[in-house]
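Take a look at this single chain, the form predicted alone, given in structure tokens.
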């Protein structure tokens, strides 16, 4: 897939905010949809975790029914415009596409993006809020799982309030994904889609501190969906971790996107890690003006968990990768980091990379005070919520359901959306059955 290169003469902030993958036009989306084999069993639809049903919306596009395509997407995936940009299609629906055996898979993600962009551009609303007369439900966390669950419940007739401890909604969508992949305005538009269904979002409200579940129960809330995500960074035990200039992916990204890229980056940046978050950190640093950005990953390129297309994009930005090395020491001078010393993961080789900024992106974990938010909910040894989000999202407390990263440890946005859908259905069944 082609990406836009940095615009000549543009400021670092402008390049950072520019979406990397260009949209399809009416002509190109029709050309791409015409390649669809119109499979009866639609393996692409079968392999979408959120059940967005690409087989149906591509068929609609093929017959120029753009509104019908948007309606199919929204009914199945309230965050369809977001997933169109960040979903790992190559591992899911596009990998399953029957066209793959002939030449190449249909560009399902770009077709989905066209349909949701068309919906917004024309003012068409595929969903209208129903009467909310079934009682109140609270959602804790406004990331993709929380937004998906809230929208599903609203469409079922519940009055839903999302409690978000931060000053902005969206969770990882707003702070953890670089705008070149997912622009801020897209997240804001999708959140508005949810609130237009009648969902209320209360910001700066930490459940367990500012309000408790017991207080909400007394206020008439019949059930809860716990979806705070993983907000705490994983630590690495490396000498020099406390040097100035060494930061975590969480701290780096949470300051970058909400501010529109108005942060200071180093001249020589080293990113530690090989996941999608590490790729977002590397891209952010490069687009915001770093002269040299390097990625240090302990295993091979083939073993990197990052989405292939994003790795290709990072490489297109002339970001260097050093495979087979784990950080052994962050070297400093006068309290400031100056280099990263790496040790061979497979042998005894070493490497020294100059750096005035190091971003550690080796994963995230739940906040340590999770039990205060949801007393009685069973947690794993690593503080994740015990629940089966594929089946029913039920926790050890009858009226509390949970899903998304806080359960699965951190997967994809589309899987979080899927968990939110499951939770909405199960919460509805729980309330209809009298809280059993």
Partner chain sequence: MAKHADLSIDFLGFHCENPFFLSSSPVSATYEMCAKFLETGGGGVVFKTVGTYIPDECSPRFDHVRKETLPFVGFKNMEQISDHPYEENLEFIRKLKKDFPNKCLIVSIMGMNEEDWERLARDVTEAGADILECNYSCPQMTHEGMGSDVGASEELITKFTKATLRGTNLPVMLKMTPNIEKMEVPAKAAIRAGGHAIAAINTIKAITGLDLDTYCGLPVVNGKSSISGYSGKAAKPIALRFICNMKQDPELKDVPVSGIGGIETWEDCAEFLALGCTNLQFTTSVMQYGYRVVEDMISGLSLYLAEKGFDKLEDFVGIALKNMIPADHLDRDFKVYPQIDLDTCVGCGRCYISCFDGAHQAIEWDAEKRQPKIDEDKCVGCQLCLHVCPVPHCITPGKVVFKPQDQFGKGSEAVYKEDSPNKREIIVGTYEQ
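Worth saying up front: this structure is predicted, and the values here are computed from it rather than measured. Numbering follows the first chain given and starts at 1.
One more form of this protein should be noted, the form predicted in complex with its partner chain, which is absent from this view; the next part is about it.
Although the partner is absent here, residue 43 sits close enough that one of its heavy atoms falls within 4.5 Å of its partner chain in the predicted bound form. When its partner chain is considered in the predicted bound form, residue 39 lines it closely, a heavy atom lying within 4.5 Å.
Heavy atoms of residue 302 never reach within 4.5 Å of its partner chain in the predicted bound form, leaving it off the interface. Contact check for residue 62: a non-hydrogen atom falls within 4.5 Å of its partner chain in the predicted bound form. With its partner chain left out of view, the stretch that reaches within 4.5 Å of it through heavy atoms in the predicted bound form is, among 393-401, 47-55, 368-376, 31-39, 31-39.
None of 123, 220, 101, 335 but one reaches within 4.5 angstroms of its partner chain in the predicted bound form through a heavy atom, and that residue is 101.
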